[in-house]
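Shown below, as structure tokens, is a lone chain in the form predicted alone; questions about how it binds or moves come after it.
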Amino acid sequence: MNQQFGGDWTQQKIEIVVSYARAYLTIMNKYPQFRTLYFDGFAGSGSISKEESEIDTVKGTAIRILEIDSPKTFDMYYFVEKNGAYKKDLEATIKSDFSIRNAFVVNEDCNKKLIDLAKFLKKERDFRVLAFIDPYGMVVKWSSIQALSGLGVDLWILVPTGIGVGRLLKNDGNISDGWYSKLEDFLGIKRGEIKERFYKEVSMQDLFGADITLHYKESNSIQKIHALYKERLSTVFRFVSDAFVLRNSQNSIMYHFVMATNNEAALKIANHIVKPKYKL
């Protein structure tokens, strides 16, 4: 069972991760004292269909990463996929084509496995991790990202600024408790701060002279969402890269794709990959 192709930006996103992985392994090849681990929180089936007929497909990020063998492979691969059918397909492909790789595929929630990854790295201090988090909407909780604080992780994460957070931040500020809870879990801040960040309060009187307060969403809210998430990532990691902005056919922003790291050299590589080749 193949995943559906999201457009040209899907391929661009894959190329960014693969290009970074090649550079990452080139550098890590110089440090044999460290073991390398590739972690994919939403690994998929291994292939992505461009058409509903599933005839025209492209290789997913998991397969492209497994194909890298120069200057070295990762010492371990850990693929997380919550969809049982996708998990089985990816597992079958690995068994068939990459049996020599030290690869694991688990049918689990990414949030749980990020917490488990953090626990693993606190015990296994010689591991260095390249992680790729490509979620479906706002399912990655801030507490899961926060667990990675101080660890040897380079994290590429797709942030649903436009199609996720932006849609929940209603123009009139009339946000349900359920949506506020989702925003709080995703951003790691309370609803009071969310209101302060994205809304202006205007006090006025209604037709009968009663005092009322209206809320208006700030202009350029999508860019402000990106700025906030980058700020939040900076509380966990030392550096956050420039963003690759993913837009739909109407040129509306859907996602910001960024890399967070504790290594300044890694930051320079990420910015070099994103800017000249893939900037929209």
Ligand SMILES: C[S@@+](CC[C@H](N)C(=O)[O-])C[C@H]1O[C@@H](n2cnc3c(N)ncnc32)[C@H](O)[C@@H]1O
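All residue numbers are counted from 1 along the displayed sequence. Model, not experiment: these values are computed from the prediction.
The form predicted together with the named molecule exists for this protein as well; it is not shown, and the discussion that follows is about that form.
J.: Among G152, E231 and A265, does every residue place a heavy atom within 4.5 Å of the named molecule in the model of the complex?
T.: Judged in the model of the complex, none of G152, E231 and A265 sits within 4.5 Å of the named molecule.
J.: Just one of 165 to 173, 122 to 130, 144 to 152, 107 to 115 has residues with a heavy atom within 4.5 Å of the named molecule in the model of the complex, so point it out.
T.: The contacting stretch is 107 to 115.
J.: Answer for V80 alone: is it within 4.5 Å of the named molecule in the model of the complex, judged on heavy atom distances?
T.: The answer is yes: V80 has a heavy atom within 4.5 Å of the named molecule.
J.: Although the partner isn't part of this model, could you tell me whether S241 comes within 4.5 Å of the named molecule in the model of the complex, counting any heavy atom of the residue?
T.: Flag for S241 set to no.
J.: Against the named molecule in the model of the complex, would F42 count as a contact residue? Criterion: heavy atoms within 4.5 Å.
T.: Although the named molecule is absent here, F42 would touch it in the model of the complex, with heavy atoms inside 4.5 Å.
J.: Answer with yes or no whether I65 is in contact with the named molecule in the model of the complex, where contact means some heavy atom within 4.5 Å.
T.: Judged by the heavy-atom cut-off of 4.5 Å, I65 is well away from the named molecule in the model of the complex.
J.: Can you pick out, from M76, L187, I94, V139, the residue that has a heavy atom within 4.5 Å of the named molecule in the model of the complex?
T.: Result of the distance check: V139.
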